[in-house]
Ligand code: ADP
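There is one chain below, alone, in structure tokens, taken in the form predicted on its own.
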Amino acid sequence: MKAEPAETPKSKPRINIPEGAMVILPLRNAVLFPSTIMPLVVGRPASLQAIEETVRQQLPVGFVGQRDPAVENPTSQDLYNIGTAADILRMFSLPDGQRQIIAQGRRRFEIAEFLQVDPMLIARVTMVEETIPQTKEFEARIVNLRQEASRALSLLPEPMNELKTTIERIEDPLMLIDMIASTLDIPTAEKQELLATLDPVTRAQRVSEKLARQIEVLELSKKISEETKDSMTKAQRQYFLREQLKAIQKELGEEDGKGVEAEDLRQKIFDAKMPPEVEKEALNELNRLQRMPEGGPEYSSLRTYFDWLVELPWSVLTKEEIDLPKAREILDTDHYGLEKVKKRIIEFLAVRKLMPEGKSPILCLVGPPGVGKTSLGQSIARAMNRKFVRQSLGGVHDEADIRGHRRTYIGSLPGNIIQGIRKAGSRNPVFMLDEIDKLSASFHGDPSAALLEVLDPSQNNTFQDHYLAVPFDLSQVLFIATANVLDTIPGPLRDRMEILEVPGYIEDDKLAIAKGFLIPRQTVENGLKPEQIHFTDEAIREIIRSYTREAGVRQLERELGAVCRSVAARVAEGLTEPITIDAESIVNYLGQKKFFNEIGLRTSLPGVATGLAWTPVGGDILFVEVTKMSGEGRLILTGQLGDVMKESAQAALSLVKSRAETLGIDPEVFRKNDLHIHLPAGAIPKDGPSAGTTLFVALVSLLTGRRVSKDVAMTGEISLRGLVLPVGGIREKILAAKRAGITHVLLPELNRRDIDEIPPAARAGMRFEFLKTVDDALLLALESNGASSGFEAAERPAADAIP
């Protein structure tokens, strides 16, 4: 039986775009051509809403230029008639609330009519169909255009080799025309005129004319620069050179701060002792940095890149000191119980001591909240004398958060893995990936897929962050993941990890943890001395039973802290006598009880049975209530039940009907009455097949008038043949039964092997019965009412039991 969290709030309503229409985004001082990529900053409220909705709903979007850039809220009359349909490749949030997007133009379109202007522009458009003219004159025009573009690029002060190579490789003539048009240094109105020229021949001619004019301007500018340079006197030349940054000062034989900085970076590169291929790449980038002017757009980005590169611990390894007796002592001091997990950690440390060069396993600690998964990682780091770094993955939905952003983007940084390694300052830390089950995919990519390489010991020695663009060795890192549930972790990622289940605690465990760990910590944190406050065992048990209901001890520590704060207030007011907290005085500190033992009250009437449920935060008990009323034989189900549980209820009813005579039930009851099955806590969704046995017993209890024993709880799936089938989460369910005071638990026969995983302290005082058929469940769960029933008289062996 599986209980899920309550529903999340509903998402924003979707915007419906009619066929042939698209969202229109106005552009100021810019024109987006088809087949070109352009970064844009979106700041106006209407445009921000439009771009966020188009990205969220994957809506078609078109970019149209404004006639007057000064208009803040343009209407249909303020826009040109021809625009470009585009795809949004990336979107980033800027510190001032604006968004930066990367848009790629696709096709021209013509606006037929505007359908909506508020809160965003939506227009019906007609896509422009373009064909390549098959004439020799057009082919000659394209050849000349390609040559002139290469010539123009060669005249620029700084060579643009990548753009030149791109233009040379473009085979589509129409794409070539638009690409060259987008690079022309002409007013926006003239670019819009080129965009609106729909005839390819005419457009090619106009682009060629404007390119020829730009070549003339560049040649004249170059000529004037050379003449001016030749006419400079020696004094003027020296003054000009001294005003320049690194390259000109190098020509004058002077050393400036930038030159000293470059040499300092070079020394740091050598000191970092990078792998040869990484060091070679770093030196190449340093040479490029020296050639850049400090005011250049790439300079600050490349300088930040070097800060990351030289500060990473390429060759820094923390020396391990593995002392197994000391490691056992650390684990026992920091954590109570958890023997299975501690045993596996000691085994790992032993293997590591015998073979230090071996690959580290990827451990995944799975268990409910508050059982000590995160602090286990810190204890492992202490036991190995390694650095510890923790990275929370809860809510991460972008692949770049793992692998980093490429340096081409403004404000890019390495991913969380490289950032954690830099924070640790060592290449072999204990790296905790917290809440790995909370990862989520989005249109930015799937971060769990990016973790596949990180968590694979056979290939993470060459992990490559997109920002660094060089391999980094993660093979010496001990990765430890934590999760509440395994279901939400993708299969390939789960396959790379060794799963260690961390169980919940029983009452005796919580008592020992409170006395040994929680109370001393809360005493110190609230400014008290140990002799000023004393908790009796019964007081701690009262808090556990009546004020907390959890698998871990997080809420227990909060309640103990509340008591300590109340005592601290009295001490601060002048109380000098020590205070003893007993069970009777708890109510004075924490108020009335929050939880009660409902089992006796709930099961006091026929038709109520106690089931056992598994939840992401541990096990819990669940009550099944059945009643009947005059009707037409309908089955009513309430309590936020999932489809699987509804099917289990229908199967249970069918099984009862098929055995009505054997059970002593009048078949007319089903035709003249409606049956209502309800599972309380209706705000919490519930699903899973493991409630089948409980539903069957509750139905028989109601229809035969026999109560279910109040100390009995059960779990198990049923079949229409009456077999009891195995279910999961047995350990969590039994611990929940223990916390609720259940002493008699009915389990499927095929779950007998799971009993070995239950701690002996949890089994103490409990009796386990193993069911093969539902008849066994009826014999063991229902109280006798003095009358003989068919299933009591049936001859069959009794269910096996373990005291």
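Residue indices: 1-based, along the sequence shown. What you are looking at is a predicted structure, and each value in this text was computed from that prediction instead of being measured.
We do not show the form predicted in complex with the named molecule, though everything after this point is about it.
Note on the partner interface in the predicted bound form: the residue among G716, G372, G504, G83 having a heavy atom within 4.5 angstroms of the named molecule is G372. Interface residue among L312, V553, I142, V389 relative to the named molecule in the predicted bound form, by the heavy atom within 4.5 Å criterion: V553. Stretch-level contact check against the named molecule in the predicted bound form with heavy atoms at 4.5 Å: of 127-135, 640-648, 336-344, 196-204, the positive one is 336-344.
Shown alone here, K438 lies farther than 4.5 Å from the named molecule in the predicted bound form, counting heavy atoms only. At the 4.5 Å threshold, heavy atoms of F306 stay clear of the named molecule in the predicted bound form, well away from it. Taking non-hydrogen atoms only, E557 approaches the named molecule to within 4.5 angstroms in the predicted bound form.
When the named molecule is considered in the predicted bound form, P414 lies well away from it, no heavy atom lying within 4.5 Å.
In the predicted bound form, Y505, I513, F517, L518, R521 are the residues of 490-521 with at least one heavy atom within 4.5 Å of the named molecule, listed from first to last.
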